[in-house]
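For reference, the chain that follows is the form predicted alone, supplied as structure tokens.
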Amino acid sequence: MKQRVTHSSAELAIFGGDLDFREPLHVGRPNLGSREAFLARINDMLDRDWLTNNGPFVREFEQRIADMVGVKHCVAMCNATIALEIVTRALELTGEVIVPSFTFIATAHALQWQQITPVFCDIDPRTHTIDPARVEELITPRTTGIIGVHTWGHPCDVEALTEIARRRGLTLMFDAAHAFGCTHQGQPIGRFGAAEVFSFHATKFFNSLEGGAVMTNDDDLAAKMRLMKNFGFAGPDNVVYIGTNGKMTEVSAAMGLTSLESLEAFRQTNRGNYEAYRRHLQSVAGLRLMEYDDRESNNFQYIILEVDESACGLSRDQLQKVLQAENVLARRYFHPGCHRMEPYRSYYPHAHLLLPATESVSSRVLVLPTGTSIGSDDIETICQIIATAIAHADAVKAQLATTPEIAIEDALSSAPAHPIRGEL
């Protein structure tokens, strides 16, 4: 990485300047705990000859997560998407379920996979979470449930959604994929609704290589999900329920247990990165860095930048191209919204008319790299690239207009291989 000593636009890679980063800097590189502790657990696993099927590491992992969140049951799964599918089926949701469109596509797919219609709801443009006032407008006789998403680890308006669900006789659950280690009104996320789903994917603040879990205080629901994730087996040769294979492996649980031991170090690194971005970008016109509530616990997993083109002179997509030219692979989450992806855009071609906040936010959000693989010098350089581009917005726009158009997805796919590139 070169040291940027001036703020000349000629230094930017789009004008032929040297790349600031020789290797691609991804949004979601994994946070890794102690290699020695992880390998010791792997050796224990191999010595026991127990690789899956509810082994001791999985049971320990479930108990430690349940204790940490303060719920009766943590049901670990192979990933959060399967966890969403299983809990949705276990809750016997049918017909229509209201979800935000501003979320990772798995939230909608988990419903559609089971022939449940996802009804897309608009978001609060400030918090980026589902708007309870809009939820009420979308309820029909076919509605059976609501799924709130704690976007960026920011909690939904839990109380308003709970009141609506109670009054209208609907099941309320939460996609908490972003929110492990976060709180709402001092209570750990994972305690709300009928159930909450965590993701422990490799790109998450806390990972188990790959994995997810459902948190619940409902004994019957937990028992049903344990059957469902193991083909419906209630014992050897005794299948009592329809099921699938959603089990977490011992190696994933071993990684999860190892990650737990470094949880606070990961959190503090993320917080330090967030503070560094805020310090360097606070005086740059047209940018809003998503804030975190200091009264709550947060994992600071995402650095969310909103780009106001009218104020800074560059659109979000133009700024992303400047960064990509420097090997900073900033991402457009959750562009363009589930409602504009298949099969939903074919099912609901006019959905955008009911989702003005989603349309606006998804055109402005840019996610920047963070985590334990990025340092303070990297953050300073990224912010200098952004500030330089905005300071010379007219020249940047003119240069981009003369550059052959390369789709953002193509640019990502042509970057040097990275084992988790592109995942959420």
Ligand code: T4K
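Quick note: we count residues from 1 along the sequence shown, nothing fancier. Since the structure is predicted, the reported quantities are computational estimates derived from the model, not experimental observations.
Form predicted in complex with the named molecule: not shown, discussed below.
You can rule out all but one of 133-141, 176-184, 253-261, 343-351: in the predicted bound form, only 176-184 has residues with a heavy atom within 4.5 Å of the named molecule. When the named molecule is considered in the predicted bound form, residue 221 lies well away from it, no heavy atom lying within 4.5 Å. In the predicted bound form, residue 91 stays away from the named molecule, with no heavy atom inside 4.5 Å. Under a 4.5 angstroms non-hydrogen atom cutoff, the named molecule in the predicted bound form has residue 30 among its neighbouring residues. Although the partner is absent here, residue 337 lies well away from the named molecule in the predicted bound form, with no heavy atom inside 4.5 Å.
Contact with the named molecule in the predicted bound form, defined as a heavy atom within 4.5 Å, is made by all three of 26, 79 and 331. Exactly one listed residue, out of 75, 98, 84, 248, brings a non-hydrogen atom to within 4.5 Å of the named molecule in the predicted bound form: 84. Checked against the named molecule in the predicted bound form, the candidates 321, 128, 226, 201 yield a single residue with a heavy atom inside 4.5 Å, and that residue is 201. Within 4.5 angstroms of the named molecule in the predicted bound form, the stretch 102-117 places a non-hydrogen atom from each of 103, 104, 106, 107, taken in sequence order.
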